[in-house]
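First, one chain by itself in structure tokens, the form predicted on its own.
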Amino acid sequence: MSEYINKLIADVKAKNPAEPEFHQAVTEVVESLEVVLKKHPEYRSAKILERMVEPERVIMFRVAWVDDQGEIHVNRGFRVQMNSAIGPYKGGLRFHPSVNLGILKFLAFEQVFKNSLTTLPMGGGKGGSDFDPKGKSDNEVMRFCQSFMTELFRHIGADTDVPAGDIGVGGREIGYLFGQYKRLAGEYTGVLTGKGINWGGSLVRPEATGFGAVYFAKEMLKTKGHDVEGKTFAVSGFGNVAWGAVMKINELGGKVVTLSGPDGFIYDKDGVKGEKIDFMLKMRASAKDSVKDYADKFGVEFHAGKRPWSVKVDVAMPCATQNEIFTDDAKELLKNGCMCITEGANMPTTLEAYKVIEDAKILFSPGKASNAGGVATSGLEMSQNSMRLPWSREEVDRRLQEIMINIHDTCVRTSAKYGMPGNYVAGANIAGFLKVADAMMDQGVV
């Protein structure tokens, strides 16, 4: 690795202490850009990477709200507006106790490249709060969302920054946030995506990230002469991403044998299908965050405190959260003959685990490419809002599939062009970087 890349990573770590997820995201990207910087020294002269790793704006604010017993609580709200070179900031809001500035900077940084890959005009951003909606009443969630939006509304807009949902922010939360924005701004615009179908939302949006990841996996398998049909999948999580992935895998003839939660994972040798998929929604709605309920309901194996990567499968799809595949997990997947890992979550594979997978030369896609279906469909929702014209489920799904096929083809072409054929990580990072970098060059030093 060049002295320049080493110094850049060291500077990021020094300027952003105690933010390991952000350090990891930057390292993963810039290491694969060395070949581009050698070929295009103008990016280095213009300090493009130094500008990309620094958010254009970070907004941090107090969120005070009152619970049903009249007690006041204080949480912290964030919005990281990372890069707007190719469009308004776009990225989700996450409500979870683990939320901090470092995690949101990592997510915003990833979002810049992900949004670039979709070819839609969207910059990158991310936001959220350390508020935990689990166990809260609807009225408590509403009061929190109204307080959160009372500060955030002045920083967002349909042509400025368009947030969406993420972990802890579903249709209920988006509704309360949108209602408060409308009240404060005095306008009805597509300022949030993931809205209800009756008031500007897009069909397929809840399932889109999972659907898109499976479409991407299908294209990956195709490069080796395989298909989803007849393949066995390990899926982690049981939220929106996992739910969408399980539905689409079943539709395409595959079989999902695992789901997971913070409490462990289930192994269902007969496959997660039919009423079992519907039960995933009930588990999520219960707010218990327990996958054991599935094992109790359907009488399948439950492995407490473990991740689902020890099971013999053809394809692994981590769909839960960051850093859930570690070195030992990667070795176990390889030992059991896994031929493809398609990330449905954001950065679920550690750098060390990725090195093991890369050396084994199996199919592997980074989340910024394979989980871009969610934000792509959010982009489609923005288009529908601008036109005041809703599209059918079939139309949205068709456009989503086209976008995912295009992202896959872009990754394959770009990795081959820069001498790393079949390396989806390099292809995604380089292709995403080039579009944003060229826009930044065109727009001058801003």
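Numbers for residues come from their place in the sequence shown, where the first is 1. This is a predicted model, so every value here is computed, not measured.
Although not depicted, the form predicted in complex with a small molecule is the subject of the following passage.
Contact between Lys218 and the small molecule in the predicted bound form is not found at the 4.5 Å heavy atom cutoff. Although the partner is absent here, Val313 lies well away from the small molecule in the predicted bound form, with no heavy atom inside 4.5 Å. For the chain shown alone, Gly124 is not a contact residue for the small molecule in the predicted bound form, no non-hydrogen atom being within 4.5 angstroms. Interface membership of Asp166, defined by any non-hydrogen atom within 4.5 Å of the small molecule in the predicted bound form, is confirmed. When you look in the predicted bound form, the only residue of Val375, Leu333, Val80, Leu117 with a non-hydrogen atom within 4.5 Å of the small molecule is Val375. Checking Thr258, Thr342, Asn346, Ser129 against the small molecule in the predicted bound form, a heavy atom within 4.5 Å turns up for just one residue: Asn346. Stretch 86-94 is the answer when you ask which of 148-156, 86-94, 196-204, 225-233 has residues with heavy atoms within 4.5 Å of the small molecule in the predicted bound form.
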